[in-house]
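The chain below stands alone and is given as structure tokens, in the form predicted on its own.
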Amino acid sequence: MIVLKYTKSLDARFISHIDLLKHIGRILRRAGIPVKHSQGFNPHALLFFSPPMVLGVNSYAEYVAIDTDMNGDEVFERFNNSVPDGLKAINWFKTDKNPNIQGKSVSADYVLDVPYFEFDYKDGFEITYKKKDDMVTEDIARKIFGIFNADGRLGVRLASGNNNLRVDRLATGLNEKYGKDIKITTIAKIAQYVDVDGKEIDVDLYLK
């Protein structure tokens, strides 16, 4: 199985997760990359993705595992020859089985396009957002795992997977509480982490 690490930026950041699944499938067929399929009455391509992204956010750490017998270098080259700039693969890994990145996902690092500043969240950080037809107020403090200086910009590590915190909701909360002007389209995901025996491990290290 070959795992591609790829970007989702430029115009591609506006592709929904459902459409992305279909788009990647078409790209692999166009590139001539053979993908194995499941058995049964409704066979489907054995492709396994990292957790869905917030629409409009840039990412430089997305992953797709492809069940194929083709070697990684050729998959990498064919994929990049068949995709627009916003979906380019930047690395590849070989694994014996589905790494289940989505199921093991626990957190992700983001960089917000605002000068670094320290904000108080450990004693509580409430945000209000619309969920379906209702307005919901939530204390997201436990879903903020840390903040860091990313070359002068504000970096945050947020919960993902089953305990997901949407980065756009945090950005809206920071804008309201601190008078910032963080735009969704300037946010970038730079790393993802999975749980391995109770430890938080960068996906790149997990796949090596």
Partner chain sequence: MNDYKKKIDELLLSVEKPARYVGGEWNVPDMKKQAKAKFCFCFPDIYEIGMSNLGLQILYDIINRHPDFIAERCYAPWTDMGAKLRENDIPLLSLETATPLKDFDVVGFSVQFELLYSNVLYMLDLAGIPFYAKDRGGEYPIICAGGPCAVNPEPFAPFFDCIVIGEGEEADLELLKKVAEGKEKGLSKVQILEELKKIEGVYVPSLLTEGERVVKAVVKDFENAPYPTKPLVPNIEIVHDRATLELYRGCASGCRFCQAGYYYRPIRERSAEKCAEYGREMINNSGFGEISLCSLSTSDYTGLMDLEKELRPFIDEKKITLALPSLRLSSFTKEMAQSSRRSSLTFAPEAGTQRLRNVINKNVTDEEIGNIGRAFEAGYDSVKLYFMLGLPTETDEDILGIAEICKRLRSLYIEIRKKRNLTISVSCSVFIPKPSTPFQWEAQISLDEMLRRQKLLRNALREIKGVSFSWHGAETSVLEVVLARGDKKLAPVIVRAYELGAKFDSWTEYFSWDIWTQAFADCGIDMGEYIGEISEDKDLPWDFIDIGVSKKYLLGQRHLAYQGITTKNCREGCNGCGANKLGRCTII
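Every value quoted in this text rests on a predicted model; they were computed, and no experiment measured them. Positions refer to the first chain, counted from 1.
This next part talks about the form predicted in complex with the partner chain, which is not shown.
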query	finding
Interface segment, criterion being heavy atoms within 4.5 Å of the partner chain in the predicted complex, picked from 61-69, 138-146, 172-180, 23-31	23-31
Proximity of residue 82 to the partner chain in the predicted complex, heavy atoms at 4.5 Å	yes
4.5 Å heavy atom contact, residue 191 and the partner chain in the predicted complex	no
Heavy atom of residue 37 within 4.5 Å of the partner chain in the predicted complex	yes
4.5 Å heavy atom contact, residue 46 to the partner chain in the predicted complex	no
Within 179-206, the residues that have a heavy atom no more than 4.5 Å from the partner chain in the predicted complex	183, 184, 185
